[in-house]
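This document starts with one chain, in the form predicted alone, laid out as structure tokens.
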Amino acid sequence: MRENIISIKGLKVGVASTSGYVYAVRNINLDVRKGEILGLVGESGCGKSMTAKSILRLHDEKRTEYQGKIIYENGKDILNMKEKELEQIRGSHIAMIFQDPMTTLNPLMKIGKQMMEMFRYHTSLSQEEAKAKCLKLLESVGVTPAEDRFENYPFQLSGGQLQRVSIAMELALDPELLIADEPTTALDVTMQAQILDLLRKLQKESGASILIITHNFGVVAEICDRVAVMYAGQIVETGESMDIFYHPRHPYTIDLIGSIPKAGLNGQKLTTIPGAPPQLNRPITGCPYAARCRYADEMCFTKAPDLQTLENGHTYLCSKADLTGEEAV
């Protein structure tokens, strides 16, 4: 088994609101292994992005409460690091691609100047050396001709090109871990496939780990080695991607995969998950999915679910150990 680059232990994240703390992440345990692509999948609002941003402590710390540990490969707990230590890790060791590049790139600065800032801040490269690196990065992610794009403003590039620029910027300092938060959401299907192919290619070339945040199981099946399924702030299932895709065990995973549109079903209604997730500013008794689960019994509403572990390392948080979910695919 590969070593872990990040090991999240008992992480709980609360954000202050007018109605008290909202705990969008509730006692999760998750490892990201060296050289793997791990997918963190679940519906909107389940805590995926909150978890990812916690790895770099990107939340407003005046309004955020952390509990637990996030152990980096050097054995240090990121949640206990001082700001100077964090600055040395952000970008150079752990980098993050955000969902919408239009909100992360400065619309008033040329692409090249924004890329140069990375090298100016983190390295001692001369301006000529930094520019040469930037042009090489743009070429490597398919933003061509690089010399022209270097002089463009963000509004002069398409959404797909901007996402490629964002990827190039985050790869500039050769990070060991790349976090991609919904990297294909705002793109059309063709461009989504191209971005996923690019991430896979770059991961193979660099050997870096990638954590992909997504609500799309198609992305997971396309690119991920392993997957963690998240619901109501908890990790409810983890395992090899194909094992979970074809043999889901947690009722939420079964229903999520079962709701994927399938070819050849023209005119038929889409399968949906009834109900709504629980409110995360309130305590949850029993299983968080019980109110929406077709397999739930009385015990599910009163007793916290047990963690089941299979021989192949597949884990799922459910008291019903006999579910296979093969009918979902």
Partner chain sequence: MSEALIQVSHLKKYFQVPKHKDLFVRAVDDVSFDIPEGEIVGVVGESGCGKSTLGRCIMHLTDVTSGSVTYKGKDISGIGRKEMKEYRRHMQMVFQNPYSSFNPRHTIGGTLMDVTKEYGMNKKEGQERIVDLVGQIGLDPVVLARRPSELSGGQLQRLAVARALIVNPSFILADEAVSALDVSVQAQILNMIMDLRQEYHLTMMFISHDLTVVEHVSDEVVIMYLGKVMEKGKAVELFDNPLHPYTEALMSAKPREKPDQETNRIILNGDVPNAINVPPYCRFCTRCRDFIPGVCDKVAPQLKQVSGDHWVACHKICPA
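Positions refer to the first chain, counted from 1. Keep in mind the model is a prediction, meaning the values are calculated, not measured.
The same protein has a further form, the form predicted in complex with its partner chain, not shown here; the description that follows concerns it.
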Given 296-304, 27-35, 66-74, 270-278, the stretch touching its partner chain in the model of the complex at heavy atoms within 4.5 Å is 270-278
Among D174, E147, E205, D197, which has any heavy atom within 4.5 Å of its partner chain in the model of the complex? D197
Contact at L135, L178 and K201 by its partner chain in the model of the complex, all three, heavy atom at most 4.5 Å: no
4.5 Å heavy atom contact, Y246 to its partner chain in the model of the complex: yes
Tell me, yes or no, whether N80 is in contact with its partner chain in the model of the complex, where a contact means a heavy atom of each within 4.5 Å. no
Looking at the partner-bound form in the model of the complex, is T190 within 4.5 Å of its partner chain by any heavy atom? yes
Do A221 and its partner chain come within 4.5 Å of each other in the model of the complex, heavy atoms counted? yes
Considering only 88-103, what residues come within 4.5 Å of its partner chain in the model of the complex, judged by heavy atoms? none
